[in-house]
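Starting off, we have a lone chain in the form predicted on its own, written out as structure tokens.
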């Protein structure tokens, strides 16, 4: 692992549930010795990617990352474009709505709108979503490049619940169903008691660049409710795709299959 890889791996240790970490904890989680960990943290701090609380001496993500995120958003405004649709879906469904972006063959949750109700599905910003066992992952693969699908299904598929699909052939059937339907449905494939629907957001090349999803408790999800949410999420994802690319959604889809 290169020095750059090691430094970047430290950034991935921070999360919503662990926004600040001490040197010893970072070293333990990373598997590096304390001297190496401290050297990497000092390098990241010089560039503003991490900062240290002067009183606790704990580290947290720095403003340098915010600067880079804002530069990217100015060039590719997926958050700004998707936000009004996410809020509209959250109000219409009274359920959790989340946006994920494709990152090196994975899906990273970048925006979440939770409903006010206590009994809800919790999704965290920064959470990676498995491709084979989530509605978001199936929706993404339904419009991903063929080599991406092969790579995703070519590795062992982890079982998160008793209903997780772990056979590539079964996952492929779900991918095809999502492609035909326009949205995916995942019934407790990633978390017991949770049913999600999702649709792919397409880039200018016609392949998926992210997903939009609605996650709800099983007790509030009849087949009719899932279908209604699915159609709504598909319509929103279609509009987001068109606004980001400036092109008709059907043109984008045809470009990917050409």
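Numbering follows the first chain given and starts at 1. Note that the coordinates shown come from a computational prediction; the quantities given were computed from them, not determined experimentally.
Separately, the form predicted together with the DNA exists; it is not shown, and the next lines address it.
When the DNA is considered in the predicted bound form, residue 6 lines it closely, a heavy atom lying within 4.5 Å.
At least one heavy atom of residue 35 is located within 4.5 Å of the DNA in the predicted bound form. Taking non-hydrogen atoms only, residue 46 never approaches the DNA to within 4.5 angstroms in the predicted bound form. Contact annotation for residue 231: none of its heavy atoms lies within 4.5 Å of the DNA in the predicted bound form.
Scanning 220, 60, 67, 28 against the DNA in the predicted bound form with a 4.5 Å heavy atom cut-off leaves one residue, 28.
Partner contact region in the predicted bound form: 50-58, out of 186-194, 50-58, 201-209, 223-231, criterion any non-hydrogen atom within 4.5 Å of the DNA. Contacts of stretch 13-31 with the DNA in the predicted bound form, defined by any heavy atom lying within 4.5 Å, are made by 22, 23, 24, 28, listed in sequence order.
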